[in-house]
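Given next, in structure tokens, is a single chain: the form predicted alone.
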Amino acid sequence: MADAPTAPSVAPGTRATIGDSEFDRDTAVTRRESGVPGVYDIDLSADWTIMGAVNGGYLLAVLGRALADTLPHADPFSVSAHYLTASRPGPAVIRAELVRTGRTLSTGQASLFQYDEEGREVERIRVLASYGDLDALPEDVRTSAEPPAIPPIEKCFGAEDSPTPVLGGSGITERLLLKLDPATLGWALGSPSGKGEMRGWFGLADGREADPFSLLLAVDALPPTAFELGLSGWVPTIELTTHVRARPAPGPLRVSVTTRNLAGGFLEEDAEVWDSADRLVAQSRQLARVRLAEGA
């Protein structure tokens, strides 16, 4: 188990609140008053990009907000996303619809579209999700899962500690308080461990506390485990399924990501997100493509 977590280093009086933060503003969707239900507009922010690509977790949160507005339940329970084409910063439209609703769960689907250089509408991502009420869940927990052992935040390292900037630029690193376990940073020193593991502390840089929508970001916020397997470059997500298990307690989150199998140019990543109360609050699995060097 990790040492007792300490609060992220945000100056007193400057901490953003849920609903009034950079993350909330940049994931907010605007419902069209066109008489057609479930249509939303958003301007995807370049502040949530890595190597020029819009982060998949940020996109998941954007679509998650549209579905929360469309469905009768407010909290994401299970969100499965297929990333069809690479999203770019700029205008996008979301079309969401209710598939089925019940007393405790509702299911919906949503797609995000942008226009290409020739003015044609292109679907970027498609999501199928189930929503409910996290506060109505029973408190009984029976688990064999344990929080990841991560050194205290002050003994971990972030992008600001790197001597060289991220190749291609990274707006998202300035939006996050991300401190990685030194044991998973061999790739940054030219000596990857080969273990396919990434662990670290996660928070938002403006001090906003975690909620179910920021958990959708957290599962895809750490560097790819492919880096610790000795690979580099963009690792685009093909499919990502996230389960939100509980509303997180205040304080920084601990995120652990592992890969057990890289084959045929694809790998899986299993992520766990733990809150300051040692509760497993989110889990995910994604399939991602890696670019292998010729002859590898």
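Because the structure is predicted, anything quoted here is derived from the model rather than measured. Note that residue numbering follows the sequence shown and begins at 1.
There is another form of this protein, the form predicted together with a further copy of the same chain, and it is not shown here; the text below is about that form.
Interface residue remark: residue 71 is not counted as part of the site for a further copy of the same chain in the predicted bound form, having no heavy atom within 4.5 Å. In the predicted bound form, residue 36 stays away from a further copy of the same chain, with no heavy atom inside 4.5 Å.
The closest heavy atom approach of residue 85 to a further copy of the same chain in the predicted bound form falls within 4.5 Å. Residue contact check for residue 149: none of its heavy atoms lie within 4.5 Å of a further copy of the same chain in the predicted bound form. Stretch 264-272 is the answer when you ask which of 27-35, 44-52, 63-71, 264-272 has residues with heavy atoms within 4.5 Å of a further copy of the same chain in the predicted bound form. Taken together, 75, 93 and 208 are entirely out of contact with a further copy of the same chain in the predicted bound form: none brings a heavy atom within 4.5 Å.
For the stretch 238-263, the set of residues having any non-hydrogen atom within 4.5 angstroms of a further copy of the same chain in the predicted bound form comprises 238, 239, 241, 243, 245, 259, 260, 261, 262, 263, in sequence order.
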